[in-house]
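Shown here is one chain on its own, the form predicted on its own, set out as structure tokens.
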Amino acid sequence: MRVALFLGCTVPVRATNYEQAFRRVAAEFGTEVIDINDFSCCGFPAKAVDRMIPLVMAARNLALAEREGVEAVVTLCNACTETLTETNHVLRHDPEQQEKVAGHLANLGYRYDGSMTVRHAARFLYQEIGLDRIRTKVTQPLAGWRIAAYPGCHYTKPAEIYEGFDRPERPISLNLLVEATGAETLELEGTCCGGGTLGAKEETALKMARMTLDQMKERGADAVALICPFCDVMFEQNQKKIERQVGVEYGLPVLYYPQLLGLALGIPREELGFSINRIKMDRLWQKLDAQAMRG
């Protein structure tokens, strides 16, 4: 399968380990990942200011992918996923908006009608690769690893644009993907990480993240598996700040799911971007090395 990888704005700055791991894992399953240099911001930041701007920005990106002849656009960021998917939904179901977007695109030299497939990387692995193929490729099952799987908000919301994929309030696809590696997933109460309010009120955002980190610690998580760079900002990049504020040590390593999957597939850890991860992984490396020695 040939797909275009849509990096968006955040991943190249804050989450190159996520990109590296996904590219490496995709190659294991024979997926050809291409880059489209003219991709721009998905349009998400402009949504609160002007409804048409993000629609046109997203439609232009999808038009570029359509010109390239790929089978799908694969996204790493939940916000990018939501914006591109919602644009498809609008163009397919709202003739008035479709006409307006078409006019703006024509002025830029593009045409697009909502026909390109958009898949979050996790959904791509879940639907296009599939749990059975993943299980058959696992060479180093992560047995005994207790993982807090955290999909984030925009992965399945707003529900109407995802056309029945997963369960919007309590999604299970990421849990099943984690379990396909041999790890155990922990049940969490669905709360926002706080990333959406960080720029407006840091105190509130950190409190929201702390509530979820408390859950993870109480349930005995060895690590957190994420699929959204904004969630990583809250749970990994702000973890030590929260520890200092409340006097609690979490010490929870935060991995992107493709990193976790890559380990289970037997890919060397240095090829999965772990040098960029901020929370020490020593306990997990000891587990992994002990499992490898036992064969």
Partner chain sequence: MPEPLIDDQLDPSFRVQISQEKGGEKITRCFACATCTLSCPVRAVDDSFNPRRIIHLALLGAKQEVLESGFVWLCSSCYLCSERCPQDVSVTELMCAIRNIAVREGRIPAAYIAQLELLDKHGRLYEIGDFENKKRTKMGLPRVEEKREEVARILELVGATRYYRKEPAP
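As the structure is a computational prediction, the values presented were derived from the model and not from experiment. Residue numbers count along the first chain shown, from 1.
Keep in mind that the form predicted together with its partner chain is not shown, yet the notes after this line are about it.
- Site annotation in the predicted bound form: the residue of I134, C153, L186, A102 reaching within 4.5 Å of its partner chain with a heavy atom is C153.
- When contacts are judged by a 4.5 Å heavy atom cut-off, K201 counts as touching its partner chain in the predicted bound form.
- With a 4.5 Å cutoff on heavy atoms, L7 counts as touching its partner chain in the predicted bound form.
- When contacts are judged by a 4.5 Å heavy atom cut-off, K240 does not count as touching its partner chain in the predicted bound form.
- Its partner chain is not drawn, but in the predicted bound form it has no heavy atom within 4.5 Å of R92.
- Listed stretches are 111-119, 193-201, 175-183, 68-76; the contact stretch with its partner chain in the predicted bound form is 193-201, by a heavy atom cutoff of 4.5 Å.
- Candidate site formed by N17, K47 and E96: every one of these residues places a non-hydrogen atom within 4.5 angstroms of its partner chain in the predicted bound form.
- Although its partner chain is not shown here, in the predicted bound form the stretch 49-84 places heavy atoms of V49, D50, R51, M52, I53, V56, M57, R60, E82 within 4.5 Å of it, in sequence order.
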